[in-house]
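Here's a solo chain for you in structure tokens, the form predicted alone.
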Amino acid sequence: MRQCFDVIIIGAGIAGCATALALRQQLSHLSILLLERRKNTPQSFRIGETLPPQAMALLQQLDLLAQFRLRGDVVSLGNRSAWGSSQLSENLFLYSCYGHGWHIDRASFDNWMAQQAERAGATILHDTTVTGIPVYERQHWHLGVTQNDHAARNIEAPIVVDASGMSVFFSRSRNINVVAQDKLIAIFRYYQTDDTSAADNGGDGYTLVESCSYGWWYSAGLPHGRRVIALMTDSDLARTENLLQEAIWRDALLSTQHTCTRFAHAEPLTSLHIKPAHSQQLERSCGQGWYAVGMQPRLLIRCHR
């Protein structure tokens, strides 16, 4: 494999792959390498399952919208919320100029985006980590990388894009401060329904947000009869209230008025998972020969007031 590229992108998630696609679309001669820590194997579940209507404009810009519509994801018709009240309010995507949104299988979508980037001419190295501190000299970045636990080797490029998500690995190596704005975490699990219970339950075309004393509950229908439910709360509150214990988490779920009805006939597919969902930002997002893109919570879920 070549050792010198025009652009190296750290992270082959949505942001990294979209960056590669946009670059190849504008400058098809560029040699682009994406470095991804995950192995090249499909994941059963990955949090971050809602694409808002505005995402359709981005997919259109990347010339992916037609292929995306063939995937068979679940239409998201809007958001329903009970915020500080038992009364449900609605934000319907019917009134959006972008049309409706989508509820996706996030692991499948990430793998699909990686396939599109490779088809566009980018190279992806899976199960690969950057070792040591990147060095910039002679107008090139020099990175040590290890793949599949093999011996480290050096690669270089005049431009590096940090798309490593919440870890912002490369930016941190440049001593760029990351400012966390809250302590939000998601305590979540996946459920499975059959076709009958899904039809009886209804509401799978909507994202549901319901406030509670700990924060709020989020739930959405997913492809293949799956559903996800997450309790969004501060990390310190989760510890003091023992919300990381499955029995207490479930009791809190059963005390809800609207959210619990979506899971009355659903079977748990997973145990509880915990992911950071706090908002954060870099004090600086670019420098000599490097840029940071897509730094955001791994959850594509937001509170709709």
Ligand SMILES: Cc1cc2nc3c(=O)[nH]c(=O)nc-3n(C[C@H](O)[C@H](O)[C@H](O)COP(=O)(O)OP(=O)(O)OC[C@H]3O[C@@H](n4cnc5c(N)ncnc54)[C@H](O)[C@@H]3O)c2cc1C
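Residue positions are given as counts along the sequence shown, with the first one as 1. Everything numeric here is computed off the predicted structure, so don't read it as measured data.
The following text describes the form predicted together with the ligand, which does not appear among the structures shown.
Residues of just one listed stretch (60-68, 239-247, 274-282, 24-32) have heavy atoms within 4.5 Å of the ligand in the predicted complex: 274-282. 164 is the sole member of 171, 233, 164, 79 with a non-hydrogen atom lying within 4.5 angstroms of the ligand in the predicted complex. None of the heavy atoms of residue 176 is located within 4.5 Å of the ligand in the predicted complex. Contact between residue 259 and the ligand in the predicted complex is not found at the 4.5 Å heavy atom cutoff. Looking at residue 129, you'd find a heavy atom of it within 4.5 angstroms of the ligand in the predicted complex. The ligand is not shown here, and in the predicted complex it never comes within 4.5 Å of any heavy atom of residue 20.
Taking the partner from elsewhere, no residue among 101, 113 and 204 has a non-hydrogen atom within 4.5 angstroms of the ligand in the predicted complex. Along 23-39, these residues reach a heavy atom to within 4.5 Å of the ligand in the predicted complex: 35, 36, 37, 38.
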